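Next up: a single chain in structure tokens, the form predicted on its own.
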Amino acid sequence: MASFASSSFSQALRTASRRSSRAVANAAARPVQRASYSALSRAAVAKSAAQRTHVKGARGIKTLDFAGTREVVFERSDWPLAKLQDYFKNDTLAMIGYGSQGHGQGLNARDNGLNVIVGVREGGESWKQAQEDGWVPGETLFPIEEAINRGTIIMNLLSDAAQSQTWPTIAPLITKGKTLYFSHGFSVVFKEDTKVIPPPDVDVILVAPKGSGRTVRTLFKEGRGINSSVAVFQDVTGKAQEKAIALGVGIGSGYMYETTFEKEVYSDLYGERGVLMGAIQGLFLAQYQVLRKNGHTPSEAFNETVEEATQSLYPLIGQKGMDYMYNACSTTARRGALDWAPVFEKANLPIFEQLYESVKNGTETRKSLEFNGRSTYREDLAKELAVIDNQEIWRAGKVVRSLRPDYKPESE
């Protein structure tokens, strides 16, 4: 779920990125940096740090009670920037792939003063985008194979399908002493389908930000930080987890929690197909259609289905929780929601159980690999997305959004 910046914002970001690139290119010749976690947001971090001085107790590694279950979490305050830079002073992070996650993680790590290079297909669209963001061919931007040879920590952020397709070429380059890093457990967990089997003599770790790469970047620039999960698939050095946590801080995480490669990929595929994207689109569409069939106008149907949810109620859930949102709504809304929630739960539970099993047994993986591996992938995807774009609910939504006081045309 990517977010797209305005052209003026993008230009400012690229200018800042180019300056950062020149700074990183000379990193070996200068002392360890002592900059903010976000070189673009020092004031925000300073304010946040001042606020944290009022928090009692040590921050860093914590065991917290999550609704009766105790879990370990890691906070970036345990990795001051000087410590982070010193830890990776002899490493080169080779960012393989420059899609949404490669963009966000790469720029954040670079702004944090780490030695980062990007590896993508020379002359391709990602190569051009990387150059616009300040990565310099021959200095910080290389073809994939050369970047892997130069790197000590190989951050494989290619798409899931591309990881499978390129693995025969990449695998021999992951030599002893390197670290193999992923942000999704897909390729490794479903190795029978992807054929991605890591070499036995390297650390294999995962840092999975819980959001798009654009969000990873935006929250970092605001001095905040996204939450991420961390996992170890293979620990050869005995320091794999420590390395994963440090890299999580380096790429812009605010806090991290432990998981496994299997649990990360199961929850991720399940969530995307469920309430994060698949289920919510289905529910929106079903409610909208019933309203339209009963004579409600497109604007009214959209406002009661999507606009009020996304602009009023869902933000309350994110900020305060479902219980707070229920208390904040009218008495009639509260009563109806309480009565109907169990009905929806009972109706949907079998569907979610079916969905989880489809993820766990690899059905969803095989579907994704088949579709994403087609030579006509982009054309086929465009047709499916056009169907959603042309649905009345989302055509009405474009008009509704244009009425917001803070609306800016998408072309700006």
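Computed from a predicted structure; not experimentally measured. By rigid core we mean the largest C-alpha set that fits within 1.5 Å across both forms. Numbering starts at 1 and follows the sequence shown.
The form predicted in complex with a small molecule is left out here; the points below concern that form.
A.B. asks: Sort through 191 to 199, 99 to 107, 311 to 319, 70 to 78 and report the only stretch with a non-hydrogen atom within 4.5 Å of the small molecule in the predicted complex.
C.D. replies: Every other range fails; the passing one is 99 to 107.
A.B. asks: Pick from Leu84, Val306, Leu180, Ile144: which has a non-hydrogen atom within 4.5 Å of the small molecule in the predicted complex?
C.D. replies: None of the other options qualify; the answer is Ile144.
A.B. asks: Just to be sure I understand the contacts: of Ser267, Thr218, Gln234, Ser159, which is the one whose heavy atoms reach within 4.5 angstroms of the small molecule in the predicted complex?
C.D. replies: For this set of options, the contacting one is Ser159.
A.B. asks: Whether Arg121 contacts the small molecule in the predicted complex should be assessed with a 4.5 Å heavy atom distance threshold; does it?
C.D. replies: Looking in the predicted complex, residue contacts with the small molecule include Arg121, since a heavy atom lies within 4.5 Å.
A.B. asks: Residue-level contact is defined here as any heavy atom of the residue lying within 4.5 Å of the small molecule in the predicted complex; does Gly248 satisfy this criterion?
C.D. replies: Gly248: no, not in contact with the small molecule in the predicted complex.
A.B. asks: Asp323 versus the small molecule, in the predicted complex: is there a non-hydrogen atom within 4.5 Å?
C.D. replies: Because no heavy atom of Asp323 falls inside 4.5 Å of the small molecule in the predicted complex, the answer is no.
A.B. asks: Taking the small molecule as it sits in the predicted complex, is Glu125 in contact with it (heavy atom to heavy atom, 4.5 Å or less)?
C.D. replies: The answer is yes: Glu125 has a heavy atom within 4.5 Å of the small molecule.
A.B. asks: Would you confirm whether the three residues Gln287, Pro298 and Arg334 all fall within 4.5 Å of the small molecule in the predicted complex, going by non-hydrogen atoms?
C.D. replies: Zero of three within 4.5 Å in the predicted complex.
A.B. asks: Using a rigid core superposition, assess whether Arg70 undergoes a CA shift of 2 Å or more between this form and the one not shown.
C.D. replies: It does not, since the Arg70 C-alpha is displaced less than 2 Å between this form and the one not shown after the core fit.
A.B. asks: Would you say Glu379 moves its Cα by 2 Å or more between this form and the one not shown, aligning on the core?
C.D. replies: After core superposition, the C-alpha of Glu379 moves 2 Å or more between this form and the one not shown.
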